[in-house]
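Okay, so here's just one chain, in structure tokens, the form predicted on its own.
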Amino acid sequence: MDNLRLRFSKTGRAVYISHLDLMRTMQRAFLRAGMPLKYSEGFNPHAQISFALPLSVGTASSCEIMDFRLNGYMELSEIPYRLNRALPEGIRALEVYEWENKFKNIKWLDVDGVFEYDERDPADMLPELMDFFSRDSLVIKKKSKSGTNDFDISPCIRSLTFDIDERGIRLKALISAQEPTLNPELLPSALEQLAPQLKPDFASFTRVQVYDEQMNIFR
């Protein structure tokens, strides 16, 4: 079976599983579930699986996507059920379907986050945070494989709102997922570089949904 797509969540302790370990975990889960994956041919065969937008360690998600191929036919509704019996705590298969939309068409990422302040009052931080992220330009230093470059994160933020709850300051962000990619971890990084007095003591993020250029849910 070709062109199959799995939507799954990665939460709890599973957020600390690296991307490479996640690939191994998925392969083993399919094997334990009795659903052999297709492998490439040649001297170094590998499972034909691919992930959209590899997730950073420590970030949770309810909208992860993995494409795969199976050897043999199986009812699509049965695949998540069998996978969930083989997957570790924190990783849950949500849905399997045949895909038509390529990963390159993912554009926007919906993210929930929290900024925690140990000593400072979030109510004091809130107006300054809103002013900071409303700037027309926020140029930071970003490390990449080619070195350290200037990167303006402002054009990558479609919307960003803040609110206060018992943990600190909650944020909801709609950010560019690809071309360019804005990792939500660059939000507190921008504070550290440009307004260190506003940098949270701890920040965490959860991916909520992925969209295409027209803001349709990506499937």
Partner chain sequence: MDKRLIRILPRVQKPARYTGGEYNQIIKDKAKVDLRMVLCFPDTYEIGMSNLGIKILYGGINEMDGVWCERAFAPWGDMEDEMRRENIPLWALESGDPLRDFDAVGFSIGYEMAYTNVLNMLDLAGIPLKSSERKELTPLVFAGGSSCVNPEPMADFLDFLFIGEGEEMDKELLLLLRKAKRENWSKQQLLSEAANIEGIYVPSLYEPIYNDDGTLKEMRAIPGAPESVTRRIVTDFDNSYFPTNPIVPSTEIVHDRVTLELFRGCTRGCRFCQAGFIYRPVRSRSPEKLVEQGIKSLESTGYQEITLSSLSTSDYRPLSELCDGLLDFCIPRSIGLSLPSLRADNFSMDLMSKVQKVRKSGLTFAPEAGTQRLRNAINKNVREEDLLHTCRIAFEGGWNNIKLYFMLGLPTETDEDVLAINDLAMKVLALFKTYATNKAKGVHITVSTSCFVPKPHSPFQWEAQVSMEEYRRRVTLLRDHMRAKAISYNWHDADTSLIEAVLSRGDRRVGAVIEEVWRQGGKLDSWSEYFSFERWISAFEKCGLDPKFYACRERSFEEILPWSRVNIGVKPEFLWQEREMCYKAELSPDCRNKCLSCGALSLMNGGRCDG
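Residue numbers count along the first chain shown, from 1. Quick caveat, the model's predicted, so the values are computed rather than measured.
Separately, the form predicted together with its partner chain exists; it is not shown, and the next lines address it.
- Out of the listed residues E75, D118, E98, D124, D118 is the one that sits within 4.5 Å of its partner chain in the predicted bound form by at least one heavy atom.
- When its partner chain is considered in the predicted bound form, only one residue from A86, I106, I140, A93 comes within 4.5 Å through any heavy atom, namely A86.
- Although the partner is absent here, R170 lies well away from its partner chain in the predicted bound form, with no heavy atom inside 4.5 Å.
- At the 4.5 Å threshold, heavy atoms of I17 reach its partner chain in the predicted bound form.
- At a distance threshold of 4.5 angstroms between non-hydrogen atoms, L194 is out of contact with its partner chain in the predicted bound form.
- Looking at K38, you'd find every heavy atom of it more than 4.5 angstroms from its partner chain in the predicted bound form.
- Checking 173 to 181, 26 to 34, 147 to 155, 186 to 194 against its partner chain in the predicted bound form, the stretch whose residues place heavy atoms within 4.5 Å of it is 26 to 34.
- Of the residues in 179 to 215, those that come within 4.5 Å of its partner chain in the predicted bound form through at least one heavy atom are, in sequence order, D201, F202.
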